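This document starts with one chain, in the form predicted on its own, laid out as structure tokens.
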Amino acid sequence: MKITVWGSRGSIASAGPETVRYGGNTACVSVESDDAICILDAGSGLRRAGLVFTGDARPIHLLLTHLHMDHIQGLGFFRPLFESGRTIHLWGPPSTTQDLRTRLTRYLSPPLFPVRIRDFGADVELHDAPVESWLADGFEIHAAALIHPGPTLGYRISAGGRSVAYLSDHEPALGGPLIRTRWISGFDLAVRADVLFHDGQYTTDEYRQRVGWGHSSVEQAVAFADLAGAARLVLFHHEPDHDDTMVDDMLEQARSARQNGSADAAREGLVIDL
């Protein structure tokens, strides 16, 4: 599997000279095999991913964690969606009230956006992510609900005996102390993952002011990764007000605190080969 980060920022895009190293685009990560492409979230980073994957014959599975704007705002700028004859599978969290197409149409329609789903040139198949694992062109995918405001999923993608877990917006500490138990939100997705992308938006002091907002501190992300036995933690969903130096400091904190694995911070252009 080849993993590429196209957007690492959370909440709102924050491009500028102070964020040039880690990037200012919002959440988007691709996972590739020789046979297929999975894309996790459709933040503003999806536009650049689309430039690379346009004309690629491999099927695309686009996995949305939730429908907050910073995770879907790239959809209308993803060029493969406009390629005639191409099939793209779009997966998202189920709802008890409306299907995925209806909910996405709130954004992909005037006055918020001029293009509707029906205007895409590709054959777009929308699916509610199932509660059990499923196979997608050689990838085994498992989705599970996470602690975050509104219906929100995390994903685990496996192939060839390797696995990547993606828990972009996640506040497991809201469910209780982070102690070794399978009942922790997201634990089954992250357990013994080769790579774990996990929300690390806040410092410890910032988190105290934002309990219940659906995000984690670096301290909590490290504790979660250690409990799950994830080999490599990648801090994700960087706070838009944090410049590169601040993210550097948070990464050093994570590296010092990790007990049973490594730590990194997601940055646009980061490629991980498994």
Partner chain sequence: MAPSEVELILARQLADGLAVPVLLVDGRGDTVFFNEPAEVLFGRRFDEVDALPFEARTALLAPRYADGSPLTIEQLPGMRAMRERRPAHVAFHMHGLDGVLRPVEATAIPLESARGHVLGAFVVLWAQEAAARVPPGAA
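Everything quoted here is computed from the prediction, not taken from an experiment. Residue numbers count along the first chain shown, from 1.
Same protein, other form: the form predicted in complex with the partner chain, not shown, and the subject of what follows.
Among heavy atoms of Pro94, some come within 4.5 Å of the partner chain in the predicted bound form. Residue contact with the partner chain in the predicted bound form: Phe187 places a heavy atom within 4.5 Å of it. Among residues of the shown chain, Arg118 is not one whose heavy atoms approach the partner chain to within 4.5 Å in the predicted bound form. Using a 4.5 angstroms limit between non-hydrogen atoms, Ala145 touches the partner chain in the predicted bound form. Contact check for Val131, Gly175 and Trp183: all three have a heavy atom within 4.5 Å of the partner chain in the predicted bound form. Comment: the partner chain is not present in this chain, but in the predicted bound form one of Leu153, Ile72, Leu81, Ile157 has a heavy atom within 4.5 Å of it, namely Leu153.
Stretch 145-153 is the answer when you ask which of 161-169, 196-204, 109-117, 145-153 has residues with heavy atoms within 4.5 Å of the partner chain in the predicted bound form.
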